[in-house]
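First, one chain by itself: the form predicted on its own, in structure tokens.
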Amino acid sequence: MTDKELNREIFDYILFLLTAARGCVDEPHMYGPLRLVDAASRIIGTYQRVKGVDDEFLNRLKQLIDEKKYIVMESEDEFTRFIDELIAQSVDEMKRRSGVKA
């Protein structure tokens, strides 16, 4: 990825987050968490492209987010459980990477 492409992608993220913030004012309350989860997926994708990283955990996390993020449209409770699942998996991975015993 060139510097120009990276700059464009970062600018796009900033604009995405700013419009998401504005949307939180008027949109249904669950759209805010949806946009944050979507932003996490986008950041993982950029990180992988920029660094050429093939991180198995991040690959699975991004795939899971992309597959399940729209369940918010069906069930807020299920979407909340989904976010809790993402957090639990990420905390476990953080412990594993830092050598902390569970």
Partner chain sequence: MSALDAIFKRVTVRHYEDKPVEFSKLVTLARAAQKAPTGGNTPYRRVMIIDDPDTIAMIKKIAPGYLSNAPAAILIYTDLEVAEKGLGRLGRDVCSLIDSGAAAANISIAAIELGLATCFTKSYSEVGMKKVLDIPDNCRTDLLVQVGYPHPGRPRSIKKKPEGNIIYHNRHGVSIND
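A quick note: this is a predicted structure, and the numbers were derived from the prediction, not measured. Numbering follows the first chain given and starts at 1.
Another form, the form predicted in complex with its partner chain, is not on view; read the next lines as being about it.
Peer 1: Check for me: heavy atom within 4.5 Å of its partner chain in the model of the complex, for each of Phe16, Glu27 and Asp38, yes or no.
Peer 2: Yes: each residue has a heavy atom within 4.5 Å of the partner.
Peer 1: Is it the case that Lys62, even though its partner is missing from this view, gets within 4.5 Å of its partner chain in the model of the complex, heavy atoms only?
Peer 2: Although its partner chain is absent here, Lys62 would stay clear of it in the model of the complex, with no heavy atoms inside 4.5 Å.
Peer 1: At 4.5 Å between heavy atoms, is Asp54 in contact with its partner chain in the model of the complex?
Peer 2: No - in the model of the complex, heavy atoms of Asp54 and its partner chain never come within 4.5 Å of each other.
Peer 1: Do Asp84 and its partner chain come within 4.5 Å of each other in the model of the complex, heavy atoms counted?
Peer 2: Looking in the model of the complex, residue contacts with its partner chain do not include Asp84, since no heavy atom lies within 4.5 Å.
Peer 1: Would Tyr31 show up as a contact with its partner chain in the model of the complex if we use heavy atoms at 4.5 Å?
Peer 2: Output for Tyr31 is yes: heavy atoms within 4.5 Å of its partner chain.
Peer 1: Can you name the residues of 47-74 that have a non-hydrogen atom within 4.5 angstroms of its partner chain in the model of the complex?
Peer 2: Stretch hits, in order: Lys69, Tyr70, Met73, Glu74.
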